[in-house]
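A single chain, nothing else alongside it, follows as structure tokens in the form predicted alone.
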């Protein structure tokens, strides 16, 4: 296989460096591409380029309808290039072709279309006539672009989650500097090239691949950046928040999760088992909102676990480009070792291994970073596997005796990103949803992402919200412009201070 090299994109141009990042296919462990490795100097150059483009005004002062038209064209190009995007995601992050087509990349163009439409309909100006003492006037509340905003995207959904930051920022008129994860920058680089083809002015979108503690840290601390959007671990999110505090820049942080799935005693167990496996095992469990804690009535535990094991045993491994493959590899050898370490800790702490726990066999798996779908029972809330984010295909089954206890266990977490409730009684489930401490509560479903509604977490799962019109709120500054409409000089209050002016 030819190893292709990809430069970064700064100021509308390809920029190369002497340092390179190797892109490794997680399904084989082989290097499939190289990318220019950016450092602090490239972040500085990208921010300068973004500021120059912002000040020029071709994008920042363009009419919302003009920005909308460019974003619509970009969404069209994204749809036309979906096969190449899918291939880039597969070779960099190990998604299966089915998952990448339907989820990782398949959602990108529709989500971009939403923000293209929102760019044209969002209320960037809201005039209000004021009739009050001492004068009559009009205040216009404006939402204006911030300037240069930074985005730091994760490796698990590099295009989609990067888009959740780029799209609202661009729709609002900002310039963007995005640092994709060093393992998965390929689809973001292609997106930037398509953006230029769609008519986005040079310098408005800049892509600098690089190491997090170097390029990412500089982006978060840069005084020329007015806002940071980040998706990733809670630990790194805290560091970004600290760095951003030095210049009081705004942050939107979508961080870790340990999402509970509360199975009520009236739930249909067949539907619930299938739904929970989807909620936990999609993309080998490498999703921050994965349902990794199943809370089951003690009286129904055995029959529910039986269904889970039966269904999970049918999950198929294979090549990531095979449409019959259900589950692909983990992102890296390091992550594989980490997940296997958590599995070992579950055994050591006394949980019962009901399924999996090892590495699957198969001629097609080669040197890939695969781990079997793993189900633990007899898990207690204090165990490591019940409290820490594993980011792998590991489901912990806990039991409860009352709804109050189920809620207590569900909410006993540092995280609060997502959750689900499974019941045949909608009213009962809705009532419980109001007591769950999470930014999203799905009822009889999981991983249902609606671009029109806000997504984000409680507690240490993040700050702010992505998606929906709320996302544009986070990428704008609010300004009040007051216009005095009174021609009555005597009605003005200046004489309180300047009573001697006519003497």
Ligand code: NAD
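Residue numbers count along the first chain shown, from 1. These numbers come from a predicted model, not from an experiment.
This protein has a second form, the form predicted in complex with this ligand, left out of what is shown; the following refers to that one.
> Which one, 354-362, 194-202, 233-241, 81-89, holds residues whose non-hydrogen atoms are within 4.5 Å of this ligand in the model of the complex?
Selected range: 233-241.
> Are any of the heavy atoms in residue 256 no more than 4.5 Å from a heavy atom of this ligand in the model of the complex?
Yes, residue 256 sits close enough to this ligand in the model of the complex that at least one of its heavy atoms falls within 4.5 Å.
> May I ask you to state whether residue 288 is within 4.5 Å of this ligand in the model of the complex, using heavy atom distances?
Although this ligand is absent here, residue 288 would touch it in the model of the complex, with heavy atoms inside 4.5 Å.
> I'd like to know if residue 269 sits close to this ligand in the model of the complex, meaning any non-hydrogen atom pair within 4.5 angstroms.
Residue 269 lies outside the contact set for this ligand.
> Contact between residue 174 and this ligand in the model of the complex at 4.5 Å, heavy atoms?
Contact check for residue 174: no, nothing within 4.5 Å of this ligand in the model of the complex.
> Tell me, out of 182, 388, 403, 326, which residue has a non-hydrogen atom within 4.5 angstroms of this ligand in the model of the complex.
Contact with this ligand in the model of the complex is made by 182 alone.
> Go through 97, 407, 309, 217 and name the one with a heavy atom inside 4.5 Å of this ligand in the model of the complex.
Answer to the contact question: 217.
> Quick one: name the residues from 142-173 with any non-hydrogen atom within 4.5 angstroms of this ligand in the model of the complex.
The stretch touches the partner through 152, 153, 154, 155, 156, 161.
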